[in-house]
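Only one chain is shown below, in structure tokens, and it's the form predicted on its own.
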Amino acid sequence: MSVKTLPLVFINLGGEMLYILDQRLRATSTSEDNSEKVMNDIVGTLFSKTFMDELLKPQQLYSHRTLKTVLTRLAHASIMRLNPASMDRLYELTIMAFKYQVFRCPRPKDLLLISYSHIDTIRELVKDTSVVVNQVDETHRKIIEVYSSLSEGEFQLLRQTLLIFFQDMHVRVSLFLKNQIQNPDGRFALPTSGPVPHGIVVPGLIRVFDSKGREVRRSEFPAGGSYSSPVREGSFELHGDRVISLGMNMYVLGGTVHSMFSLQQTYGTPNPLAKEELNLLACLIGSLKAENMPRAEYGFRINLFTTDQEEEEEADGTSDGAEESMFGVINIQAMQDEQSAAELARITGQFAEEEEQHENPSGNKGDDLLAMMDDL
């Protein structure tokens, strides 16, 4: 397991989270001042020197529970507040987006290009606040310094660590389902076409050489897909063309839209599929409110429910009927006596205690990071 995975996880998940929040702030016509404050506060916390210095220490990747706790604290670094159901859904969306990017990553080393794409877009979100932009640039320089010297084997280990981390996450995302890149069971359908990774020859040709290294004959074989020559390599510098579209904001509406599904879309055309997925998130997110704010600042609320009925159905847990009918979910009701229930609860409690002790005998992993965030 790689001990250098955590910084990239936070940068990429944090980037996806900011994409979603930025889209919702725009969709609800939140004032420019409040939107700018939310972005600056969250980005300032994510890219703060103390936070990043802690992440860059060699360490094992956190569990999903700990990672979600830290991301929740990060999301609440400003005047915005999400209820637990909203945060669960937000975490699932960010995880599945990053999982897809890792799956589609042409080479293990291109994980850096995905991360740099997130950093580039985040930098654009806070471009009007020079202090925060400087924080982003400083973190970017540290990432380049730490990861540019890694070997291909170390990048492969890093990618394998991420895949192991994602292997049990199969959340269905409507954006992916409608683009037919995700199956109904939540697993991704990877294409067998397109450009091969940089430095790789298009498969389908066998060359035979003699003992002197001279080519004596060629033969072709079916490669099982429609592959093309690789595109140019993306820039690994502080600024430059990353070439690949993975890691760009797929929720941007209007302007030049780059998504992880196509290299380029037309100008001024909104992405309705991304909007529909965020509307699903809108059925969960609560409000934005002020906490411990000076009187000169005002909290604000974003109503993300279309109707009051949807809000009541979400609260009652009855809003998933359509999805169940779509995928043929069968509800099974089982009965058990009180003695069996008590015994099961006792065994479950033992497992929970053993798991906590096994994860970290001296305390919960991430506690130091959470305590440090309280001081920011």
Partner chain sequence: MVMIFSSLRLTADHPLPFQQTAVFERELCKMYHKEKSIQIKNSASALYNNLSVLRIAPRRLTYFTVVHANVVNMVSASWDGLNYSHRQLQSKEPNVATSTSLIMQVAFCVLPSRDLLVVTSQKGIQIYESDGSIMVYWHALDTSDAPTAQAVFARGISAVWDNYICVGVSSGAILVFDVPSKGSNITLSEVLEEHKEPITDIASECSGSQECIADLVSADDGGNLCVWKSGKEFQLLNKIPGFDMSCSSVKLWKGIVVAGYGTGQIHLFEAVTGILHAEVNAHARWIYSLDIAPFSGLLLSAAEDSLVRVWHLTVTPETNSVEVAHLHNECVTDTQICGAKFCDGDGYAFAVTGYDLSEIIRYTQL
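In this text, rigid core is short for the largest set of C-alphas that superpose within 1.5 Å between two forms. Residue numbers count along the first chain shown, from 1. Here the structure is a predicted model, which is why all the values come from computation and not from measurement.
Beyond the structure shown, there is the form predicted together with its partner chain, which is absent from this document and is the topic of what follows.
S.K.: Within 4.5 Å of its partner chain in the predicted bound form, do we find a heavy atom from each of P84, E124 and S229?
M.R.: Checking in the predicted bound form: none of P84, E124 and S229 is within 4.5 Å of its partner chain.
S.K.: Contact with its partner chain in the predicted bound form for S130, defined as at least one heavy atom pair within 4.5 Å: yes or no?
M.R.: No - in the predicted bound form, heavy atoms of S130 and its partner chain never come within 4.5 Å of each other.
S.K.: Using a 4.5 Å heavy atom cut-off, state whether Q60 contacts its partner chain in the predicted bound form.
M.R.: The answer is yes: Q60 has a heavy atom within 4.5 Å of its partner chain.
S.K.: Against its partner chain in the predicted bound form, would F166 count as a contact residue? Criterion: heavy atoms within 4.5 Å.
M.R.: Yes, F166 sits close enough to its partner chain in the predicted bound form that at least one of its heavy atoms falls within 4.5 Å.
S.K.: Heavy atoms within 4.5 Å of its partner chain in the predicted bound form: does H170 have any?
M.R.: Heavy-atom contact with its partner chain at 4.5 Å: present for H170.
S.K.: Taking its partner chain in the predicted bound form as the reference, which of N134, N179, T192, S148 has a non-hydrogen atom within 4.5 Å?
M.R.: Comparing distances to its partner chain in the predicted bound form, the residue within 4.5 Å is T192.
S.K.: Just one of V243, M248, V196, A77 has a heavy atom within 4.5 angstroms of its partner chain in the predicted bound form, so which one?
M.R.: If I apply the 4.5 Å criterion carefully, the residue I get is V196.
S.K.: At 4.5 Å between heavy atoms, only one of the stretches 179 to 187, 116 to 124, 135 to 143, 86 to 94 reaches its partner chain in the predicted bound form; which one is it?
M.R.: Looking at the other structure, the answer is 179 to 187.
S.K.: If we check its partner chain in the predicted bound form, which of the residues in 77 to 95 reach within 4.5 angstroms of it by a non-hydrogen atom?
M.R.: Residues within 4.5 Å: none.
S.K.: So, does S219 move by 2 Å or more at the CA between this form and the one not shown, with the core held fixed?
M.R.: Shift of 2 Å or more: yes.
S.K.: After superposition on the rigid core, does the Cα atom of F236 shift by at least 2 Å between this form and the one not shown?
M.R.: Comparing forms between this form and the one not shown, the F236 CA shifts below 2 Å.
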